[in-house]
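The chain that follows stands alone, in the form predicted alone, written as structure tokens.
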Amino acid sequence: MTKRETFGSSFGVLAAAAGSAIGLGNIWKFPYITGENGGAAFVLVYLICIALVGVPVMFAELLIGRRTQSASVGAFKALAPKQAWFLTGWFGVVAAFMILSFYGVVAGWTLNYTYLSVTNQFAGATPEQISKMFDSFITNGTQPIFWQMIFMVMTAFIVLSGVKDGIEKYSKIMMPMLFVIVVVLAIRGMTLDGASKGIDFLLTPDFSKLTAQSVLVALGHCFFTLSLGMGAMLVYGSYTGKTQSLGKLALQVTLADTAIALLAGLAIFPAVFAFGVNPGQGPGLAFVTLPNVFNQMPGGYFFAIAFFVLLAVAALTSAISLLEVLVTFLCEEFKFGRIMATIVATLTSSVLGVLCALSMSPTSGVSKLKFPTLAGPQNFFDTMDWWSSNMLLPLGGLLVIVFAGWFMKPADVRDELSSQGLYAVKWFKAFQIAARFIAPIAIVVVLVAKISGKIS
């Protein structure tokens, strides 16, 4: 049996785990769902959900991974042999596979928009032209697939290089770069004339704008933004050294993830308000609204490039963790070598991604196919997104936290969280309460709301 790879340094662990958590969910999705749900009041609820649900689930994934030095299915087989808990690992693998398929497509959009920004193709375009530019691109069929394939090759190259020489090495480069870019963009956004309205929108709560659906959306977004329920943190936990403080790591990852999301909001909303744009533009906020804003902004050419590079880097750091979930699964369960596992995982998820891309092209037969979700029939792209984000992630997170809270021996959980007694875990009782009661109840509420159609 070959010795399991591990991260080489504490900063490497943090960079990789934070990279997994920090992705399009922070910079693309968080701003537009904040805009749709009223701003600062939604942000406050989101932060509470992160603390009460997101952090405990992250603790659970990290400790299960490190305890077993295995990932996904293998971890639960080791802790609960001959029991059905291994299905929890399968939920994570399937979720990672489905998410990577459509995530690669959206990540390809970021590469295309980086190219368009560098070649200054937004210059002089009217808002209607920029909107048509986006629509014609995503419905083209071949162009999104081209950029998706470039992105998937980049992701595969990093994962092929291994844990220390690939994931850790490139995360240590990309994460500081991502942080610098988002800070520069936030400073620029906040110094625009009229930016104060955008800052107030993000930081001054108006609870009259908060709805029950907003609360459920905030709770559901915890899983997507922290890479929970898909096995990524469990895998990275299995690569984490026994002397690393899991409590400190989880807290640092959560703070980094939240800080990037808020900085992205401070980059986007002041600019949006400064130029009189509606903040509730939905998914098109990054690809339609912001290019219009950059067109009107002094130095907008450079800030457009910086923003889309930021999106691309964030997408890449998350995508490598998704691919790594699939690679470790193939290596552990089917005894593949890393090279073969990476090739198989990349090709299969890319094929699924091609179907996602073609489902938005009116000239392809795939676009005419509709698939069942509890929100009604949807195209292939939206179906992959809906089932993975709305069902598999919360369900996977629920099973993980119940397993850690109720099935594992408390002494074993404490032993792992304390790194075999190396660190004090005075917060252990609080973790138990959250793991046994608060987080499971909250997740069940989200799942029931999804199933009943209360939230889409």
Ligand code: PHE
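Only the largest set of C-alpha atoms that superpose within 1.5 Å between the two forms is called the rigid core. For every residue, the number given is its place in the sequence shown, counted from 1. Since the model is a prediction, treat every value here as computed from it, not as a measurement.
In what follows, reference is made to the form predicted together with this ligand, a form of this protein that is not presented.
- The shortest heavy atom separation between residue 388 and this ligand in the predicted bound form exceeds 4.5 Å.
- In the predicted bound form, at least one heavy atom of residue 103 sits within 4.5 Å of a heavy atom of this ligand.
- The closest non-hydrogen atom of residue 34 lies beyond 4.5 Å of this ligand in the predicted bound form.
- Contact check for residue 232: a non-hydrogen atom falls within 4.5 Å of this ligand in the predicted bound form.
- The stretch among 411-419, 50-58, 427-435, 23-31 whose residues place heavy atoms within 4.5 Å of this ligand in the predicted bound form is 23-31.
- Only one of 260, 267, 159, 322 comes within 4.5 Å of this ligand in the predicted bound form through a heavy atom, and that residue is 322.
- Shown without its partner, this chain lists 148, 171, 238, 225 as candidates; in the predicted bound form, only 225 has a non-hydrogen atom within 4.5 angstroms of this ligand.
- For the partner-free chain shown, just 99 of 80-99 comes within 4.5 angstroms of this ligand in the predicted bound form, judged by any non-hydrogen atom.
- A movement of the C-alpha atom of residue 247 falling short of 2 angstroms is seen between the shown form and the other one when the two forms are aligned on their rigid core.
- The rigid-core alignment places the CA of residue 220 2 Å or more apart between the shown form and the other one.
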